[in-house]
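Next comes just one chain, in structure tokens: the form predicted on its own.
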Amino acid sequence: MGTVVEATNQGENGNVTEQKPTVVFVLGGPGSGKGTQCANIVENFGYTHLSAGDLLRAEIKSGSENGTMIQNMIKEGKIVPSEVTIKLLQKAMQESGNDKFLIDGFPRNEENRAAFEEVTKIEPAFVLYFDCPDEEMERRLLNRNQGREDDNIETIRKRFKVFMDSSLPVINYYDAKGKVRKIEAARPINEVFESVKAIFSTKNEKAD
């Protein structure tokens, strides 16, 4: 099976690594505003935004054998294997024609993280972490999703707990490597984007 990094494993000259795509993991609890900011980053910095959840849902909708398998696992309350999600991410990366990606909502846990690096041989350039107090995320979700049954207080709090329990070890792992860029996400959208812009301008290119 060809992978998105196939070309990077060949050749011995110094530019081999330059062919590897730039990957930024985007993490934050439900309601932290990461989706809005990803759209701004795409518009201003030319990244392709890949949401692991959206890719899984699209695969289910496609009616493929893989999609049926994913749907059955979710129905049974099982976790979709990391390799399945990673293959969907790789395919989307290959098909995009781009070399800069925001991967949103993945890795969800340490096992995802280790599998992604193992399979793709790609380490993220950095992790963009939208840090938002639970009360603020709760307020946003309740305001935004009135009438959606999965957004009652109890469910929302469960989602926060799952995010913290599973994603915090990933954030801590990359923080120890100096790769976490933490954004205070409780502020207004424009203020948050100013902080995001500063990170991307210094890290990758000049904003224009």
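Residue numbers run from 1 along the displayed sequence. For the two forms, the rigid core is made up of the largest set of C-alpha atoms that agree within 1.5 Å on superposition. Since the model is a prediction, treat every value here as computed from it, not as a measurement.
The following text describes the form predicted together with ligand UDP, which does not appear among the structures shown.
Of the heavy atoms in residue 179, none are within 4.5 Å of ligand UDP in the predicted complex. The shortest heavy atom separation between residue 80 and ligand UDP in the predicted complex is within 4.5 Å. The closest non-hydrogen atom of residue 159 lies within 4.5 Å of ligand UDP in the predicted complex.
Using a 4.5 Å cutoff between non-hydrogen atoms, residue 61 does not count as a contact of ligand UDP in the predicted complex. Of the listed positions (170, 52, 41, 183), a single one reaches within 4.5 angstroms of ligand UDP by any non-hydrogen atom in the predicted complex, namely 52. Between the options 73, 114, 92, 125, the residue in contact with ligand UDP in the predicted complex by a heavy atom within 4.5 angstroms is 73.
Looking at 106-138, the residues that come within 4.5 Å of ligand UDP in the predicted complex, counting any heavy atom, are 106, 108, 112. Annotation: Cα of residue 42 displaced by less than 2 Å between this form and the one not shown, core superposition. Core-superposed comparison between this form and the one not shown: the CA of residue 27 stays below a 2 Å shift. A movement of the C-alpha atom of residue 69 reaching 2 angstroms or beyond is seen between this form and the one not shown when the two forms are aligned on their rigid core.
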